[in-house]
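This document starts with one chain, in the form predicted alone, laid out as structure tokens.
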């Protein structure tokens, strides 16, 4: 009806048990100009034959596409040839059988979608901590308004619930988290509550399993029961029958329902090891326990804070007394809705709403005031991103009695260069009274390069957020290197943009001798020993 042309395909003979009722070539509207030819199988093939999506579409690389230069006839012929050679023959020979395990999660989501309805009390499980090495039985939190269950250790729940579950009803549920060696496939999925309960009885101590199977709390009230079968790379959730009454709006009234059969559930991981590193970065576990002090959350510091949180840093304290003004909007992570608010408080709220796994303290005061009541010894790393000499001086004095690693980061005008001074514990910023920052500059800047705000005695640098993004990435990586213990000697890391960039922002600028090699490149990064 939408203009799609459908042509039946004559199939080869299949061995017993591998028969396919039919196949069709679909040519959607716009096939020649923009769309691809498709192969569809009957819905009876879904979850019986690999690579068949919900509805029957076969997922395979057949049609080379409208940009390949092939004629429509050549594209159709290639689609059919690939269908027979890459699908029919391997399927008939049993060569595709293992593909269910390789893409186990895709098929599980199809199965869950098939079994779900508008009346289901739970539609997903959100896991908040790392996969357990041993079986775990505990309480989860059901959010009826979201129709989701949160489950994790106590610390993870305490961090996430105030954000994810803010202002929502909460109901306690029983959860059994069972590690399994291999992903499940359509042939091995539990299909009934009896199969799942049998597994619980085999894995849990008899007294614990009895309470779980009973499905009631200490006051003998019905309670939702969930089982998670957690394979190394994916998980499978089940809501068992029973539990409290679930009410949903039905027209102008409410309908009371209860789960009467086993309900398969998709399981999403929200633990930091997964969302920050997809289980590929072992250092994230250590970063979750580390504490970082960030002084200055302006156009540079605000974005660096987000990078650190997304890299797995678990505890951040932000110190900045400034408020967000209209002049900040073009290059700050915050927006117009935060005008007039202190930067640290607005940034802390933004970050915690997006990343509830982080513990974040906002300090809307000067560093000097904060230092009167706090110690740097409590931190694994200090970041000074203010560019202010009085801040560098205050940190130097505090580090003499409270040694800790320090990164001092700053930008040159137009973000034409950026620098990160990495100072491990006990290594000073300066060995003399004179502040050495000016000696590190990469560009010879004229005296009028710093602009003065109208009606204000302060000066500012001119640059766009796009240009500063280079610096944000460099400074964030430098901070993580220092935090991970990969820097043992003090060094200055500098990023310098090439001549083409300089001529665009201010013609006639010249490099200093040490940075002149950057002229012919887009940008260059140096690591030099620091001995100021």
Partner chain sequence: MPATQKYILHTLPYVDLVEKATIRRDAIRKSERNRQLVKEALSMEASSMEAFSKRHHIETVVAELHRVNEHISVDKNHVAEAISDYESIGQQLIQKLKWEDDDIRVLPQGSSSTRTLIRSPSAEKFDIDAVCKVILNRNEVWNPIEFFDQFQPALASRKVIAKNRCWRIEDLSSRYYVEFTPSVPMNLIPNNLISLDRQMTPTRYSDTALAVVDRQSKSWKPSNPEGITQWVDDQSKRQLVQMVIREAMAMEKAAGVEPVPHQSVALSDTLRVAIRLFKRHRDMMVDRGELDSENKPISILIVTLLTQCYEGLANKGQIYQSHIELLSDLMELMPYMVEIRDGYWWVENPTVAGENFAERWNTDLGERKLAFDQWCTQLQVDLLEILLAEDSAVLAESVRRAFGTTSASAPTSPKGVASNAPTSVILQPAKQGLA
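We call the rigid core the largest set of C-alpha positions that still match within 1.5 Å between the two forms. Residue numbers count along the first chain shown, from 1. What you see is a predicted model, and the numbers here were worked out from it, not measured in a lab.
Separately, the form predicted in complex with its partner chain exists; it is not shown, and the next lines address it.
Each of 15, 94 and 97 comes within 4.5 Å of its partner chain in the predicted bound form, counting any heavy atom. A heavy atom within 4.5 Å of its partner chain in the predicted bound form is found for one listed residue only; from 115, 258, 255, 182, this is 182. Proximity to its partner chain in the predicted bound form, defined as a heavy atom within 4.5 Å, holds among 433, 373, 166, 202 only for 202. Of the heavy atoms in residue 89, some are within 4.5 Å of its partner chain in the predicted bound form. Its partner chain is not drawn, but in the predicted bound form it has a heavy atom within 4.5 Å of residue 101. Taking non-hydrogen atoms only, residue 81 approaches its partner chain to within 4.5 angstroms in the predicted bound form. Within this chain, residue 289 is remote from the site of its partner chain in the predicted bound form, having no heavy atom within 4.5 Å. Here the chain stands alone, but in the predicted bound form its contact with its partner chain, taken as any heavy atom within 4.5 Å, falls in 69-77 among 69-77, 121-129, 299-307, 382-390. Relative to the superposed core, residue 476 undergoes a C-alpha shift smaller than 2 Å between the shown form and the other one. The two forms, fitted on the rigid core, differ between the shown form and the other one by less than 2 Å at the CA of residue 501.
After superposition on the rigid core, displacement of the C-alpha of residue 19 between the shown form and the other one amounts to 2 Å or more.
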